[in-house]
Structures are given as structure tokens and as C-alpha cells.
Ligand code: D5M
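Take a look at this single chain in C-alpha cells; it is the form predicted alone.
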């Protein structure tokens, strides 16, 4: 396994076929490492081991390094015109289409109008218009690419043919049916992450904590658990003292009028007072921990994604040292790339794909990475603003991908990307009970920015 880890981490990201030359090249690297290891062991056998020194280094000893890489804030230009929608979907199709086109299997792909004329294998890149299931358990999709529209039958035996959703961009490899109006797919390809990503860790022994869905203002907010969390943050044990950043992926407050009869479950009925209470809660966070806040569907911003950062009349109520970003957004923490997304798109994935559930949002996050888009379906449960470019595309592969929204908690990994779902600080509401959402509250996922190791602290 050690050899395999070394082997795959040293392969070029564009490698699709492993040759003996690749193996021998990496084997020489491993042999060199082993030689140095054996040499160091011999030195250790000669010299008596020195007593281990406990490190007094803490996160407060390091300066913060926060860089915003991608964010809609200040760049929104859409007016909702037909031209806006045309430009938006054209950008999506071109950007994701290029990712699919870079797949080795899609070499020689044609436009649909030209591919339909072929009597043998055909390849084309398209966007999915409609998805439906057949009586025989197969999938029928209508797709287009600007040159033509065609119906594709995706047998349940087709490679990569599961979990298709409207408006995603895919590559199709197939053959003609009995007439030119139907194509039988043999393989479906998606943009996906090319190869396995190596975690771009920093040199400093610091960590980031993910704290989402606080829902300040709700009578279900868990004040006692929050106080316990703050006490732990300030007590300086090995884990808490390593935390340099606290990323908060949305739903800072419960908001007003977000769901039916919400007013019956509010403790604070004024939106500004909710944020003032949030500010009071954040005062207990140690000064050396830098906070990054992104909005969610309960916050005081437009509901359509991408959402800009909280407006000035709200941010002025909160601590001045907080960094405010949009939803989704990509930031660098000490050079480690973090994709922050509240997670509303999870609702659409669960509605469209029977195998996905609220009990495992990490599976939906894997679908997002596979499709390279956090909310591909337009007109579903996630409102989408037609900006000049599609900010919901995952154009850069992050080191860490965090969501919230579903009030669950978990950590996982997909092709080297650390997946985090950030829990909640609200017990089950009547609305959640009606929707069969059972929260896992008062948990804090923590990831080392040096090693990528993830753990969950319970309060």
C-alpha cells in the first residue's frame, strides 16, 4: 500500500494509461526513499534515542493568511433577461464541455448534428434537457449541444449512466439506434476530477474548524452546547490551540419567514437583533482565530445562488475582523484551497437521484464533484441567478470542500478532496420533523491544514 500511495501521488494528473516506464520511474523514487530510511535507521541504532520534546507551538503564534480566490460579491450583473440566461448556459456548456473534452475517451468527439450521420461509434458532448425512466428500468434522456437535439437511451448496463440529472453537461459514447432519432449509449462521461489530488498542506501546524447552521434567533438554538464549545476553544488543549480559522458555511441566523409558521419557533423576531445576538456569541471566540462567514438560505441576502456576502447593514453589526464571502466561494487558508458552499443544491440532488438521502449528504457532495457543479438543475428547489458566468461550477479542484444546510455531520474523501458537512447548533424543528430531517447537532469537524487529517469534536 505504501508503494501504491507513492506511485499514484507521483503520476502526472493527465495519465490515463500506466506503462512499465511509469512503474519503473516511480519505483526508483521509492527505492531512493527506502535507501535513505535504512541509512537513518542505522544512525539511530548507533545513537541512543533522545527524549521527545513537547512542542509549545500554537496557532496564535502564526499570522493569518486568507485569500479570496472566487466570489460573486461585487460582480453580480444579471437582470434576468433572456440574454442573461443564454449567456449563463453558454458559459456552463463551454466550461464543463471543455473538461469533458479533455478526457482521453472523448477524443474525436463531434457535434450532435454530425455525430448522428455516423453508422458506427459516435461521440458527442451535450447538456441534458430531460431525464425519465423506462418501464424496463433504463433511462431515457433528451440532450442538445446547440447544433441539434437528440434522444439517448441509456441502458442500465451503460458505464457511468446512473444518477443523471437535468442540465448537467456530459459526454456520450454510443451507437445509432434503428433510426437517427435515437442513440444507444454505451458510456456516459462527466467532467469529474482528473486523477487523485494530493493535499496541498501548509508548513505550519494549524487547523481549521467548520461551524455551520447556527440559526441564532430560533428557540431551538442550543445555547448550552455553544457555551461548552466556546469554553473548549479557550481552554488551550492540543486540538483547540491548533485552530487558526473558523469557517462558517451559512445559516448564521434563523431569519424571518423562511418556512411555514416559523414565527412560532422564533426566540428573536427581528432580523437585525438576530445578527446582534450572533455578534455577541462570536465575541467569545479567541482573538487569534480568524472567522470566515458565508451566507445560506436563512440569511439576509438574496435567495438565488450565487449569493453575495452579507450586506453592509448586517456586517457592521458583526466583529470587524470577520472575513465575509459569498455562497459558494473559494478561499485559500495558508495556501490550502477551501470550497465553501452552504448546500442548498443537495435538495435537488436528493429529489432527482433515489439513492441519495439527507442522512448522507457526503454522497451528494461527491456527485457535485463528479459533475463539477454544486447545483446543475435549473428550476428545481435551488433558485439560480443567470450571471454572466456560472459561479456554481467547480472549476478548480479544492483541497477541502465544505457544506452545511442539512444539519448532519460527517467527513469523507473523494479523490484526495476532504469532504466536510458542518453539523448544526439547532435541535429538530417542527418543519424538519415534518420533512423527516433528524439533525446531528453540536459537532465541529476540524481539519489540519498541514496534513489534511480530519476529526470531529462533539459538544
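Numbering follows the first chain given and starts at 1. Quantities reported herein were computed from a predicted structural model and do not represent experimental measurements.
Below, we turn to the form predicted in complex with the named molecule, even though it does not appear here.
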- in the predicted complex, which of the listed residues (163, 241, 377, 297) lies with a heavy atom within 4.5 Å of the named molecule? 297
- Task: Report the residue, out of 371, 290, 92, 344, that has at least one non-hydrogen atom within 4.5 angstroms of the named molecule in the predicted complex.
- Result: 344
- Query: Does the 4.5 Å heavy atom contact test between residue 437 and the named molecule in the predicted complex come out positive?
  - Reply: yes
- residue 405 within 4.5 Å of the named molecule in the predicted complex, heavy atoms: yes
- Query: Heavy atom to heavy atom, is residue 226 within 4.5 Å of the named molecule in the predicted complex?
  - Reply: no
- Message: Taking any heavy atom pair closer than or equal to 4.5 Å as contact, tell me whether residue 232 reaches the named molecule in the predicted complex.
- Response: no
- Triplet 196, 367 and 396 all within 4.5 Å of the named molecule in the predicted complex via a heavy atom: no
- the named molecule in the predicted complex: contacting segment from 124-132, 171-179, 297-305, 317-325, heavy atom within 4.5 Å: 297-305
- Query: Within 364-385, which residues have a heavy atom closer than or equal to 4.5 Å from the named molecule in the predicted complex?
  - Reply: 381
